[in-house]
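In the structure tokens that follow, a single protein chain appears in two forms: structure 1, then structure 2.
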Structure 1
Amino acid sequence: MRCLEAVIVNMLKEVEGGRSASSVFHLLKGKKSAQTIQDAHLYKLSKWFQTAPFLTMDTFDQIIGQLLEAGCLTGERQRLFVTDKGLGEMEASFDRTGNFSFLSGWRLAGTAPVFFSRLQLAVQVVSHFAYSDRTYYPVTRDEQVQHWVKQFFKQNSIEKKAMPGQLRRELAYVLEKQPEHPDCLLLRFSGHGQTGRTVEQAAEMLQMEATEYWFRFLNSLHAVIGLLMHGKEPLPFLRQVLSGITVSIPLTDSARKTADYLQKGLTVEQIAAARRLKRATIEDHIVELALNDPHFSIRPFIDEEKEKAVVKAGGTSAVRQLKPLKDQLPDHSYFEIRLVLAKESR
């Protein structure tokens, strides 16, 4: 079983027939819809959010078909279940690759690509500077990244002559601390007399299947970013490269608009009328806010006793589907149950 297939099987095992195969596809692609965001949190799949942006629906459908044919999955596309064979092959795959425990797709999906593009260009600039060579083409054509890197070198407090040594020391430190082979990252850098490898070229050089390399690369990159965010080590160069990228609370635009109305004191019905949307849509936005904003209070929508009842009924990780909980809590609405699960999952 290839790495991407193992990831898909793992995700299908988590939703356990409660969501369709398409929900897994949208999670891997990073679709910014209220439903996908809720799925990521409620089914504990946020680490995989937007970790396979290259995936197409045709390729995904082919993988699902192959897994069904191989006996790793059973059921229909709307309700797929992982067989014992699928579970065994998935576990064997993760035994080989690890379970990518540093992946943080939901938190870093917007941060990691920008950070890596900045770092690639910064490494290229410093490398050519060390050899007094200005004749090279920038490794990225992204004008925003190019502008940022130019400003970075103009305003940096580190002396230019000291930069090569400083960058080398900081990279050596973070690469020693991350879980994958250092070449998962190093092979992607361009420098004086060296051209960075593509994903496919790096995978071939490391003798890995391409999707295994991709997830190892992401795991390594996310581990480095996590160290820069939360570690206390003096890493001034790399921390400046990371600065100003992270988005604090990722929400859909529509949920943000609903949040603005809530702050003005409008009720769900009033917001639905003002925005000409269904009540259920506004409720989706409120669940999204409960998932993502640690300061968001669910108390205006459910009282404390009802909240405790949901927590008690859904206290085990096995109870994530809404209908079994609703059967236990006939006096609760689905909206109230979803709100509590959202708060608990964050």
Structure 2
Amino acid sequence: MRCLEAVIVNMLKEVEGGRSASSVFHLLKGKKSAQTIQDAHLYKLSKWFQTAPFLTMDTFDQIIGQLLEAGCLTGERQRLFVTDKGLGEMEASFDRTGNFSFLSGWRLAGTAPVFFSRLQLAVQVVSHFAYSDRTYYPVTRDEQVQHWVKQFFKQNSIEKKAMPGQLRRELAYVLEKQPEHPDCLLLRFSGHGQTGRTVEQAAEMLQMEATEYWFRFLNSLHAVIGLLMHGKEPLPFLRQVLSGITVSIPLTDSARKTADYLQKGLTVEQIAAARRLKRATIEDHIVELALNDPHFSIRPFIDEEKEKAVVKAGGTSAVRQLKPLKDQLPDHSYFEIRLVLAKESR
């Protein structure tokens, strides 16, 4: 039994009799639905939340099929039970790999990939700097990560010359503290004279089955992040890499969809029609965008003169009540007033 199968059997055992196999799939994928989030807590499976983002429904179905065939599971896909054979093989697998006790999917699934991506790029930059080598292709094409790393090096208080030594000491420290072989993380970094390995390649070098490597890698990464969050050691470089990770602008999915439509040049009416929503709902989204996105232009929805009028009527004052403003501005709609208020308050 591969490690991934052991994880799946372990989770199926927990939801046995209560939930179908697909709830396990959604947990591993990290589906953000009320049901899945509730399941994670109810069945104490939150550590596995979003720990197998690579999984597809097809491969998951195949795995379930194989487990049924091998006699590790029994029953219908809607109601699966783990057999003694399944339990035995699962335990044997966890005996070999450990049970990934540092995994914390629910808390870290959003943070960990961003942290790792930043760290990969920061390691690459510092390593090349240490060798005075300026010609290399960045290890990530994620523009937000690139932008962050650029700012990080601009504003950092650590002296540039001291960085290679500092980063090496900090990495050596956390690599010794975390539970897996240090190469689980280290092999994935690119730097001067070495190119990072893919999951598959790292697994091969460490002579592990690929899914075992994947969970060990994640366990190690989550352990390092935990150490940075809760430890007392002075690790200024790594703590900064972890700091301020927000998973993009906090917009509701629905507002994001409206933003996409606006980008395509649709009007409020067209969006309302296309999404079969009320005009007022779309307007709520636009106010949400104006409130959260510093680059969002409200100009398509209100002209400059009208905007100025709202500001003049007290839109910047601390009092944020709509009714008195609306009384002063009979030609403005509530939507227009809210837009200006949203923009002014961001």
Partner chain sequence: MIIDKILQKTFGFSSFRPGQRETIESLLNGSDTLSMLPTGTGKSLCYQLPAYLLEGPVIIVSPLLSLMQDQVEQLKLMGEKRVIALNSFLQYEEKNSALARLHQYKFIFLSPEMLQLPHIMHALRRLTVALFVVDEAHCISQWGYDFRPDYRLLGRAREMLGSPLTLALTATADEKVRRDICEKLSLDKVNEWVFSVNRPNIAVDVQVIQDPLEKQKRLTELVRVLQKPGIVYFSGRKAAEEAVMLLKNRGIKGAAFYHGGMDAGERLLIQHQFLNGDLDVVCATSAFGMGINKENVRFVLHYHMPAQMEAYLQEIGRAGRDGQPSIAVLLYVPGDERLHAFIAESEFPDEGQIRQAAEEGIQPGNVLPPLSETQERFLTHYGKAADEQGRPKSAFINQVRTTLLARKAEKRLQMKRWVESDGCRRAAYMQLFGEEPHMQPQCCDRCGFDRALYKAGRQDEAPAEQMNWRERLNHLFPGQ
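The term rigid core refers to the maximal set of C-alpha atoms that superpose within 1.5 Å between the two forms. Just so we're on the same page, residue numbers count up from 1 along structure 1's sequence. Because the structure is predicted, anything quoted here is derived from the model rather than measured.
- Structures 1 and 2, same chain in two forms; the form predicted in complex with its partner chain is found in structure 2.
- Relative to the superposed core, residue 201 shifts its CA atom by less than 2 Å between the two structures.
- With the core held fixed, the Cα of residue 339 is displaced between the two structures by 2 Å or more.
- After superposition on the rigid core, the Cα atom of residue 258 is displaced by 2 Å or more between the two structures.
- For residue 330, the displacement of the CA atom between the two structures, after superposition on the rigid core, amounts to 56.2 Å.
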